[in-house]
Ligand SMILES: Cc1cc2nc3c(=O)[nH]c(=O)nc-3n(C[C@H](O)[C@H](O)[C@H](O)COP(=O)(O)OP(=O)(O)OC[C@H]3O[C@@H](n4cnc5c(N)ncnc54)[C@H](O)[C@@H]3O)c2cc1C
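Single chain ahead, by itself, as structure tokens, in the form predicted alone.
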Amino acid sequence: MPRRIVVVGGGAAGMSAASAARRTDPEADITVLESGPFPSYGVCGLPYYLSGVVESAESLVAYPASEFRDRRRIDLRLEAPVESIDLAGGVVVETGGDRHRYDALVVALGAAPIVPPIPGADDPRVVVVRRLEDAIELRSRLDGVSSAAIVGAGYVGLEMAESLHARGIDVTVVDRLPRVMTTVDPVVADLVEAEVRRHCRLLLDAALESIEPAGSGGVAAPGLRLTCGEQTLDVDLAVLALGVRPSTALVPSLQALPNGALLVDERMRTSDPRVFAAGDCIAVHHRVLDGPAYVPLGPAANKTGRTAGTVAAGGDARFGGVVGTAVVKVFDLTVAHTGLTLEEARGRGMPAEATDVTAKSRAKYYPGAEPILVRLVHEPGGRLLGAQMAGRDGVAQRIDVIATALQARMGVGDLLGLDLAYAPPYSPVYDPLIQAAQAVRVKERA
């Protein structure tokens, strides 16, 4: 009898798992249950679809459903939400009543946007943008929007702010914290804040307390009124970008972090030997922390899905973990980080310090040279813990160098010996990374 594999969730992780399972076991009976109308698509492309940089929603879909059904022989069921999972009996039950027995189950349920329990959060003019169908619906409404509030000043919130600003919408970004983007240290966040203020209104230390229809004299207007601390804000639309939490309510008995992210080993096995998990619902191994961490990013979703599907189908694969690398475009500024911030490292009791260097992205005489801030986070003995960068040119390729160094367990001293590419259009003779490593050495010798 063919091996029965059921995958719950048809996003990047789920479809990677199903495809890897098919490559591993050509005879397996593979079923994917996806609650939405689309299979795997580029979630990170949603802000660019909203802005118009990406013209069609279809271009974000990795493959049409027919590719999985016909060519890969996967029973892909769209708009098929799951009602329950019986781990003891090995059965997945769809909301419509269909039951699917499995020999191996891959949980790829992703993550759900956080919606605060405040009055008015369920108003139809309050939206979250997590799914492709969310973005399609929102884009269809933008022609009638002249003002919007983005609640949340993290990665997604700032990308959404840029997208709506590009559509000519008057944007206000609101956050309850005193700074933007808490995934970087304050010295980098200050640069991000300045860039946001160049394009949008920004309200910090302003917790969202309520949302109600705007109007006066008891007559509601078409817009919304947001109460944020001591301030009120009248807008046509509110976008909630307050982060996500793992969608693991269907499998409460599996071992997980306090936030619900499922714990898995390097083969993506959960605490149930027949159940694997992948994507934004799991805690991945963080190579710098040497322990599990919740890092819901696209590359890891695809890789963990591939690993889970391979092993579920009887093959062997391992996922070695992440170092927490991310990059984001905030208007004209590129911001990136990898490893630990100074705050994170010290919060875990590490004797961490940071060294900052601002250098030119290219030879100073070459047109287009821009300042780039490099912050190296390290221990006094030279152990490299992480890096952050911000600038308008040459950030993405440089953060990847540090990510590679962290993966290879290189120290700050090893950075000095790197043979990095040099040509005036791309770098000064001493690359900003080398300059930062030199600054660390000078500090340690002082």
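Sequential numbering from 1, following the sequence displayed. Being a predicted model, the structure only gives us computed values, none of them experimental.
One more form of this protein, predicted in complex with the named molecule, exists but is not displayed; see below.
What stretch, of 359 to 367, 343 to 351, 81 to 89, 310 to 318, brings heavy atoms to within 4.5 Å of the named molecule in the model of the complex? Among the listed stretches, the partner-contacting one is 81 to 89.
How about A161: is it within 4.5 Å of the named molecule in the model of the complex, going by heavy atoms?
Taking the distances in the model of the complex, the answer for A161 is no, it never comes within 4.5 Å of the named molecule.
Exercise. According to a 4.5 angstroms non-hydrogen atom cut-off, is R130 in contact with the named molecule in the model of the complex?
Worked result: Answer yes; at least one heavy atom of R130 falls within 4.5 Å of the named molecule in the model of the complex.
Q) Heavy atom to heavy atom, is C44 within 4.5 Å of the named molecule in the model of the complex? A) C44: yes, in contact with the named molecule in the model of the complex.
Practice problem: Verify the contact flag for A153: yes if a non-hydrogen atom of it lies within 4.5 Å of a non-hydrogen atom of the named molecule in the model of the complex, no if not. | Solution: A153: no contact with the named molecule in the model of the complex.
ask   = Which residue among G223, P292, G298, G260 has a heavy atom within 4.5 angstroms of the named molecule in the model of the complex?
value = Going through each option in turn, the one that passes is G298.
Review point. Going by the named molecule in the model of the complex, which residues of 15 to 41 come within 4.5 Å of it through any heavy atom?
Key: Counting only heavy atoms within 4.5 Å of the named molecule in the model of the complex, the contacting residues of 15 to 41 are L33, E34, S35, G36.
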